[in-house]
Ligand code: GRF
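One chain comes next, on its own, written as structure tokens: the form predicted on its own.
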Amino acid sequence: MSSDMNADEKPGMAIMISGTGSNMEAIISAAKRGSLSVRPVLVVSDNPDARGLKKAKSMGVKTLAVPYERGIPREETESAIIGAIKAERAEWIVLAGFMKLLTPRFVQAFRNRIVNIHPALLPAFPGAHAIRDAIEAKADITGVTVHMVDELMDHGTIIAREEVAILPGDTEETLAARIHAVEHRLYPRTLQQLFHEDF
């Protein structure tokens, strides 16, 4: 699809983050360049202090912080997020380092419209410490997976994968740097295909 399409013709996208938002930045930058034909309409974080929120604001995208507070049901917290996403008319939800497991209610509200990226070759090394787990397992290869989100953790239809070699002497930090470089390239490209082309 042409990158010079009318802005109103581009699907709206909400991005959910918990930290620095480096994948979020790569996605928004791709949208601004026109290589990703989408309108970033909202960035949501469960962490009010997430550095990615400031970055999103500086890039001209509306932000919302909704912390998951102890003692408050997750469904109640997510009601505010669902409402905000619908108010902005986002057609897609993109998880970019969002470190909470979404409730079935949330997933059902946006069935087949939530995408995630994971720093491993799923189904290997699910969970929050995938890079460390791959090193501790003495694996030779890990990588990046882009997948649709369902009710289970790091589960759902795989859309794209790319291998990353684990080199002798790799630390969590050095391996993470190479994985992030792949993520920042693979995620926007895969989203463009998903949003506008047939797989």
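Start at 1 with the first residue shown and count on from there. Just so you know, these numbers come straight off a predicted model, no measurement behind them.
The form predicted together with the named molecule is left out here; the points below concern that form.
By the 4.5 Å heavy atom rule, the three marked residues 45, 48 and 63 all fail to count as contacting the named molecule in the predicted bound form. For the chain shown alone, residue 180 is a contact residue for the named molecule in the predicted bound form, at least one non-hydrogen atom being within 4.5 angstroms. Not displayed here, the named molecule is approached by residue 23 to within 4.5 Å at the level of heavy atoms in the predicted bound form. A residue is said to contact a partner when one of its heavy atoms sits within 4.5 Å of a partner heavy atom; residue 85 fails this definition for the named molecule in the predicted bound form, lying far away. For residue 102, no non-hydrogen atom is located within 4.5 Å of the named molecule in the predicted bound form, even though that partner is not displayed.
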